[in-house]
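Given next, in structure tokens, is a single chain: the form predicted on its own.
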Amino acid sequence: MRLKIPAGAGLIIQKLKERGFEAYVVGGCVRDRILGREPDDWDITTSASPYEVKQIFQRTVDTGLRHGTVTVLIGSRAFEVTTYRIDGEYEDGRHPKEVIFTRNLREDLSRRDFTINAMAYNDDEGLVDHFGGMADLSRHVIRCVGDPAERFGEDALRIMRAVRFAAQLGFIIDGPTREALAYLAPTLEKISAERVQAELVKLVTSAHPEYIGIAWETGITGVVLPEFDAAAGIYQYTPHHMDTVGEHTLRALCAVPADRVLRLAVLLHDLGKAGTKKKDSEGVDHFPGHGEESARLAGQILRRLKFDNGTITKVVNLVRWHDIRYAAEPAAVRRMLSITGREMFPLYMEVQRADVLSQSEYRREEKLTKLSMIQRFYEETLSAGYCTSLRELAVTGRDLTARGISAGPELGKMLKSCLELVLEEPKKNTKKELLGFLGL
């Protein structure tokens, strides 16, 4: 098998071999190239020590000498070059106590997480596959190198990585590997919030976000997303639904684009149903206030997982708004647009559409028709240039203070009353009309 690798990576391998060292591209880049995908990064493994690598190449960065990694700069590209190594004992479920350099490629590959990530390649020797990675790629299987319990015991984050790789590639998880990750899922408590966040985002923005269901079934979400577990098993006895909150959520995730904010909002949009479920006299379930409660939980989760404030604000708002219902009328759409803002309205519509598509078929066409009408009125509002926010009003605070209105709450109330007027009657957004409306 011959793989196409970047010229820079080829040059590094060639120079290392000229000095008597072994060198290969390794890991995810080999996997992706075999699958016909374009790798994000090209990593190189070598028998040369970090200091020997630094002697061979002029432009290097000491990325992680303690762990054997030097970044080599070739032109405008950077390549991580790492010495063959054996990891010592893992004491914290994440990092080895020590790293031992070796001259043996097989020993280096044996410490890697999954067989599909434990292959190496160079043009002279072709593919090096000691652990059946090619066979697992062909079978579409995620399988640990060696004993799954040992691999997950070394680094608990690999538990989430197994599900994430399965979701990205559409693969299944090998039986013993799945059993081990389920057994060791509680050890994810040792992993930092930032690393959990990164894996969760990669999973939910993958080609198969519904694989979050595997994380649920194997106890992963019970550790990293307990609020999801609290709601997921709740059955919804209502004509609008046909299954549990969890099953509805998995379908909804597949109904929105692979956008980070959208997928997170859909993942969290119904968690508040766990604490708001009410049953009426006819046995029908209702979830009053679940949008607001879900927004509260979403904020709690996103802060715990160390998301940035911008993401938190957007996701929490989408969750809060997802169940707001209003008439498919131009004025109602303008009012909603004034709440969401122009940037967020399209995302809000995506969440509502996904919610409808993942519900039962009861009145589905009616709901989708309504959303289409709302979309049309939204586009007409934009096309006409109608005012939907205070900053778009034809009068400003300065106009009011020039007419004797003191800056403060009263001025704010007057501007808001002007906005309410033009949301109902958009053509009145002129300075003359609004000053007359205010009696000025």
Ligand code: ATP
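The numbering used is simple: start at 1 and walk along the sequence shown. A quick note: this is a predicted structure, and the numbers were derived from the prediction, not measured.
Absent from the display: the form predicted in complex with the ligand. The rest refers to it.
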Is Asp40 close enough to the ligand in the predicted complex to count, meaning some heavy atom within 4.5 Å? yes
Would Gly68 sit within 4.5 Å of the ligand in the predicted complex, counting heavy atoms only? no
Just checking whether Arg304 would be counted as a contact of the ligand in the predicted complex - the rule being heavy atoms within 4.5 angstroms. no
For Arg33, is any heavy atom within 4.5 Å of the ligand in the predicted complex, or not? no
Of the candidate stretches 112-120, 240-248, 341-349, 128-136, the one with residues having heavy atoms within 4.5 Å of the ligand in the predicted complex is 112-120
Does the ligand come within 4.5 Å of a heavy atom in each of Lys314, Trp321 and Asp323 in the predicted complex? no
Looking at Arg178, Lys273, Arg334, Arg164, which is the one with a non-hydrogen atom within 4.5 Å of the ligand in the predicted complex? Arg164
Students should find that, of Lys370, Lys202, Arg106, Arg353, the residue having a non-hydrogen atom no more than 4.5 angstroms from the ligand in the predicted complex is Lys202
Using a 4.5 Å heavy atom cutoff, which residues in 2-35 contact the ligand in the predicted complex? It's fine if the answer is none. Gly27, Gly28, Arg31
